[in-house]
Each structure stands twice: as C-alpha cells, then as structure tokens.
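Consider the single chain below, provided in structure tokens and representing the form predicted alone.
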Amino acid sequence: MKILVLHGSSREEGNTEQLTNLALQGIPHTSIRLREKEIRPIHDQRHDADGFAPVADDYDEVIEAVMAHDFIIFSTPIYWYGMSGYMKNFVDRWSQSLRDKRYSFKESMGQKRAYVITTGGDQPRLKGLPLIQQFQYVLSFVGTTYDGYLIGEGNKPGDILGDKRAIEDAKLLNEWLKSQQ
C-alpha cells in the first residue's frame, strides 16, 4: 500500500504533524507539506464552455502524487473549526481535476482509501467533528473509502505529546496501517 500524507499545517513540526509522524513511525510513506507548495485558490470555471484554464502553480504536481498513491492521509490542524487554508485551497481545486481530461479523477479517487488526522486547542474532539464530517462528504463525493480519523488536543507546539489518548490512538493507527501493508 502506497501511503501519501498531505500536511496542511502552516507551522513546521506543529502538533498535527507530530501526531501524524507518530502514527506513521516505521511505515514507508511520502509526505507533502502544502505550505511548501504554491496552490492558488480556485477560479471557478466549472460551468464555462471551455472549462478551467491552466494554472501555473504546484497543484498538478500534488494531485499527480495523490493519483499515484493508494492511501491518503489528510493531516490538518483545526483552524477556526475547519481545515487549514492550505488544505482547503487544495481540496477546492478538485473541481478542476473533475473536468481535467488528463485524469479520470473520480474513478481514480474511487480506488483510494483515506484517513484524517487533526489537532486543535478548543475541545477538538467535539468542535473538530464538523471538519471530520466535511472530509467524509468530500471523500464520499469522489468515491474514496473513508477509513476514519484521529483527533488530538494541542495548541502550543509540543502540546500534543501530553495528550495520552491521542498518542495511544496514534499507536493503534500505526499498528493498523502496518497490518494493511
């Protein structure tokens, strides 16, 4: 199983990235930090006769990596009770991929599995559920099998290491991912 992690944090080695790294310890995977890519916001041309105009940014590179992997982990902190702007820009651009003749985007995404890892500082196991639901709807729309989520609590860098429940859940996820290899 080829695993791709899409990191949506704006902070290097933030809590979500730390939790994701714990979950993937000893498991071969590819990581893309969306903050290191230029992914422009969508200019919605879904209903234009000619469709979307090409965009000179890194989106194609990232979506091709998604297409080349079997299992996608969406790793994003909870920013204002939703996914990060980096992650949202990326997901919004899927509208473009749905119309892109180079891909059978929905068919390809229908053969993938996905998981969400997130952290937040304001009751994330409750207030992060709309983010989880958003991913469930997005993944359902493109036919991707949704395998679950992990929510941790942490605000300042390193706080996640004090969330014993999240650390234990990351270990369980690690064992499960190893069993899927």
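These numbers were taken from a predicted model, which means no experiment stands behind them. Numbering starts at 1 and runs along the sequence shown.
Quick note: we don't show the form predicted together with a further copy of the same chain, though the next part is all about it.
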property	result
Partner contact for residue 95 in the predicted bound form: a further copy of the same chain, 4.5 angstroms, heavy atom	yes
Contact flag, residue 110 vs a further copy of the same chain in the predicted bound form, heavy atom cut 4.5 Å	no
is_contact(residue 41, a further copy of the same chain) in the predicted bound form, heavy atom dist at most 4.5 Å	yes
Partner proximity in the predicted bound form: residue 30 to a further copy of the same chain, non-hydrogen atom cutoff 4.5 Å	no
Contacts with a further copy of the same chain in the predicted bound form - residues in 121 to 147 whose heavy atoms fall within 4.5 Å	122, 125, 126, 127, 129, 130, 132, 133, 134, 136, 137, 138, 141, 142, 146
